[in-house]
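So this first bit is one chain, no partners, the form predicted alone, shown in structure tokens.
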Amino acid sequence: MEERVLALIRERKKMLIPTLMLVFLFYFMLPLSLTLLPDLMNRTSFIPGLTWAWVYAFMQIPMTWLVGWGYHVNAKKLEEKINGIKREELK
């Protein structure tokens, strides 16, 4: 059983580490881009009246929802696997 639980922990890390790297990169790119590329970020975007900085900032909302949903789906699968291991051990 211990080997299977360790495999599940490794599987969780395989999902969690790249996701966290993506999230940190996405969120920290806004202040970095405002600092390093202020002219580009202050240009008007395809939405009249909004600059690219605002568009990028608003894109963080769906990004948060998508990452949360993806984590929920993967956590649910891992929980089912853990429950399966528990059931097998009780038999």
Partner chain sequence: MNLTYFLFFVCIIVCTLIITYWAARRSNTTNRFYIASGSLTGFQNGMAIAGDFISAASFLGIVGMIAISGYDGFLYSIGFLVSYIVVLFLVAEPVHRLGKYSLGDVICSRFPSGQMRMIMAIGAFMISILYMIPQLVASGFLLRLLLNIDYSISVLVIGGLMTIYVVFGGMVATSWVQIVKTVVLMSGTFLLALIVFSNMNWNLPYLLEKVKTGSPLGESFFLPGHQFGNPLEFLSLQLALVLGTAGLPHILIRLFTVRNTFEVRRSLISSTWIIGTFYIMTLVLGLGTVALLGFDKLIAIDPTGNLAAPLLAKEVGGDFLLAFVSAIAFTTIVAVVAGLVISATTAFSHDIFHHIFKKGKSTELEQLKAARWTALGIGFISTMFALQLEAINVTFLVSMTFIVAASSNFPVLILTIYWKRFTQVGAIIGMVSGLLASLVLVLLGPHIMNSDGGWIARDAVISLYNPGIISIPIGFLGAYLGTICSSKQAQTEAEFRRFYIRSQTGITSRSENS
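Note that the coordinates shown come from a computational prediction; the quantities given were computed from them, not determined experimentally. Numbering follows the first chain given and starts at 1.
The same protein has a further form, the form predicted in complex with its partner chain, not shown here; the description that follows concerns it.
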Contact label in the predicted complex: residue 60 to its partner chain, heavy atom within 4.5 Å: yes
Does the 4.5 Å heavy atom contact test between residue 76 and its partner chain in the predicted complex come out positive? yes
Examine residue 40 and determine whether its closest non-hydrogen atom to its partner chain in the predicted complex is within 4.5 angstroms. no
Under a 4.5 Å heavy atom criterion, is residue 87 part of the interface with its partner chain in the predicted complex? no
For the stretch 52-73, I need every residue with any heavy atom inside 4.5 Å of its partner chain in the predicted complex, listed N to C. 53, 54, 57, 58, 60, 61, 63, 64, 65, 67, 68, 69, 71, 72
